[in-house]
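Listed next as structure tokens is one chain, alone, in the form predicted alone.
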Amino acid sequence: MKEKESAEKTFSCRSEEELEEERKLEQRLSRIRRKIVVLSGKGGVGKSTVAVNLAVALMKSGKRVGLLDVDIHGPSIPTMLGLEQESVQGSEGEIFPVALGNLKILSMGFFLADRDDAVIWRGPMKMGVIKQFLKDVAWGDLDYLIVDSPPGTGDEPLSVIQLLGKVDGAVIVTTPQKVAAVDVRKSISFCRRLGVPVIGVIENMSGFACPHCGKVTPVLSSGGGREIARDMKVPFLGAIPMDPKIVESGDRGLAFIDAFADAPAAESMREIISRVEAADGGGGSPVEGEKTAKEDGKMRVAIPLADGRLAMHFGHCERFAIIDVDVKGKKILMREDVNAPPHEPGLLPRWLGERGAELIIAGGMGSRAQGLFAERGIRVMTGAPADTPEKVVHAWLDGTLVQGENVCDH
């Protein structure tokens, strides 16, 4: 009772202006189907290159895509897409992103009078402008919003993840050497602490692709990204070799995957991007070399139950529906209802993992529990409606499952 009174008091203390900002932010974000953050614990690993090529490839495949550059101090997206001379327009409190075909782009670089200007801001100012980028920008209806974050686990990535609310996944970029791999592991831990699913790890600059014959030579050490993925129990999305054309395309303001589509590195990028797309619907991307639901067409889904319907509070349920599905055929193969074990801290992730669960669909789940499931390689979807398990699973298989607020995100 005291906790409820405290929460109501806190809610009532917020100004009408703050409440209106929250409503506006929620309204904007509700029109974006998937939100993917590109992260790295280390600078100079090619994170922006991955973000640009991922966004352009998705746009070329017919998706409605937004690309948000939240690197306040070193925005590079305008240069990489040849948009350095562009500036944003606004009307009646709205900011209109720069358009490149069906790709909508926003970056701090568009607001600088001189590209050599330095942005010297502390945390609260950066939080404010990132909030404005999400709340006041007319993104419209998007299939994907790709967020390019600066390196590390500081203000910008923390702010954008908190403001986005539900993040569908993070793509982690590293280079092979140990000094980068150590920092990248911290990015995965960062995601787990915040309850963000890790779509997978990309190893960039993995070998050198000869510009003449296309042969890839391991001039640097390789396998660092794969090792991180194996140790941290997250998917390995693939490796991208070094190619002089990647630098050339960035300097010319072109997306490499589009300008040099026949290059070996472009083929590697396409394979990686296909794995990111395969993570749609919460099923995760396949770990290279392992048999997964995406390969054999089958997956095991667990749904907490209350009175025969999906329970809104995951930790309070008494039973689970364990459902085997044919992902490719979009059909349910088998359902078994089982009693939940005693509610002990940390028990459910282990218990459901032992029963082969690969995906949890729930109404609400705390960030700590989501992190424990992520450590076991089990995907989590929250905000699902209190419907029958069959209806929930069929909606997920059809791509029509509407996810609302995580009702117990703590």
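Given the structure is predicted, the values throughout are model-derived calculations rather than measurements. All residue numbers are counted from 1 along the displayed sequence.
If you look for the form predicted together with a small molecule, you will not find it shown, but the lines that follow are about it.
Note that among 41-49, 350-358, 24-32, 337-345, the stretch whose heavy atoms approach the small molecule to within 4.5 Å in the predicted bound form is 41-49. None of I246, A229, M312, I199 but one reaches within 4.5 angstroms of the small molecule in the predicted bound form through a heavy atom, and that residue is I246. Among L158, L112, A278, M242, the residue placing a heavy atom within 4.5 Å of the small molecule in the predicted bound form is M242. At the 4.5 Å threshold, heavy atoms of S76 reach the small molecule in the predicted bound form.
Among residues of the shown chain, N204 is one whose heavy atoms approach the small molecule to within 4.5 Å in the predicted bound form.
Of the heavy atoms in M80, some are within 4.5 Å of the small molecule in the predicted bound form.
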